[in-house]
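In the block that follows, a single chain appears as structure tokens, in the form predicted alone.
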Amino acid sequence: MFWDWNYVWEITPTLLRASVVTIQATLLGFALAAVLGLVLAILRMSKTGWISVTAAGFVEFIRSTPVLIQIFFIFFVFPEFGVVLPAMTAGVIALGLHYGSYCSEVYRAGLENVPRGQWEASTALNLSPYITFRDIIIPQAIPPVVPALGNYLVALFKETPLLSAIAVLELMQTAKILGSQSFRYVEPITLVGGFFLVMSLIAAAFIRQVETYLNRTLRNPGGAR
């Protein structure tokens, strides 16, 4: 039998529990990536040469090496220096670092797209750098880059199966275990593929809604309702 519905109903609860791990890894990894990316973007725009160069070098190094190598390095090499991390934590940090470097370029494009007059006006008003970024620059820079950030969220979500390489029981690893136990791979792998497809479509729709909201409330705060 090519497809066994009884087997599908039997393994569905197990896969749903594993999907929670996948979603947790995605959300935690992207939260780290979003924050780290903004910090790196601001550092790269620093007028202090060594800060800008160091941030740029870090971004290029992370972007130029495979995320799987970074996962292995954090999980297997860090313990040699006394830093032992649980598999889930190591995986989340690796995904966050990797996609944080990509998000930094997106943020930097948004920051550089803010008209120069906005920066000059903030200086003329003697606003601190913190107030300038928080109230003037970031509200204008973020909405245009939300679609690109959303693409990286979906991309990170689809990278979570790599965590199975360090024994994180996320969705794909669980599907492989189920397949090896029953010698039926069609159902678990197909269900996992369907889950990734559905969640990616939901994430894309959510990002469009966020983009619309930000454009309405941050760019035109007086007209937001």
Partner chain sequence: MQLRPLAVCAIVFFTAGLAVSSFAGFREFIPGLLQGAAVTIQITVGGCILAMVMALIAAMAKMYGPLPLRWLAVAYIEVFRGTSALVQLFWLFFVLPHFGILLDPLTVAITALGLNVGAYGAEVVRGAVNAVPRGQWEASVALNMPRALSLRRIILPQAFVAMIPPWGNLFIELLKATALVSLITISDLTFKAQQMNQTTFRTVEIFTIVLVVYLALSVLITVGTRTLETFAARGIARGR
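Take the two forms, superpose them, and find the largest set of C-alpha atoms that agree within 1.5 Å; that set is the rigid core. Predicted model only: the values in this text are computed from it and were never measured. Positions refer to the first chain, counted from 1.
What comes next is about the form predicted together with the partner chain, which is not displayed.
*Asks:* Heavy atoms within 4.5 Å of the partner chain in the model of the complex: which stretch in 117-125, 96-104, 133-141, 82-90 meets that?
*Replies:* Result of the contact check: 96-104.
*Asks:* Taking heavy atoms and a 4.5 Å cut-off, does residue 189 contact the partner chain in the model of the complex?
*Replies:* Although the partner chain is absent here, residue 189 would touch it in the model of the complex, with heavy atoms inside 4.5 Å.
*Asks:* At the 4.5 Å heavy atom threshold, is residue 172 in contact with the partner chain in the model of the complex?
*Replies:* Yes, contact at 4.5 Å.
*Asks:* So in the model of the complex, does residue 33 come within 4.5 Å of the partner chain, heavy atom to heavy atom?
*Replies:* Although the partner chain is absent here, residue 33 would stay clear of it in the model of the complex, with no heavy atoms inside 4.5 Å.
*Asks:* Would residue 48 count as touching the partner chain in the model of the complex under a 4.5 Å heavy atom rule?
*Replies:* Outside the cut-off, so no.
*Asks:* Within 4.5 Å of the partner chain in the model of the complex, counting any non-hydrogen atom, which residues from 181-213 show up?
*Replies:* The stretch touches the partner through 183, 184, 185, 186, 189, 190, 192, 193, 196, 197, 200, 201.
*Asks:* Once the two forms are fit on the core, has residue 17 moved its CA by at least 2 Å between this form and the one not shown?
*Replies:* False for residue 17: its C-alpha shift is below 2 Å.
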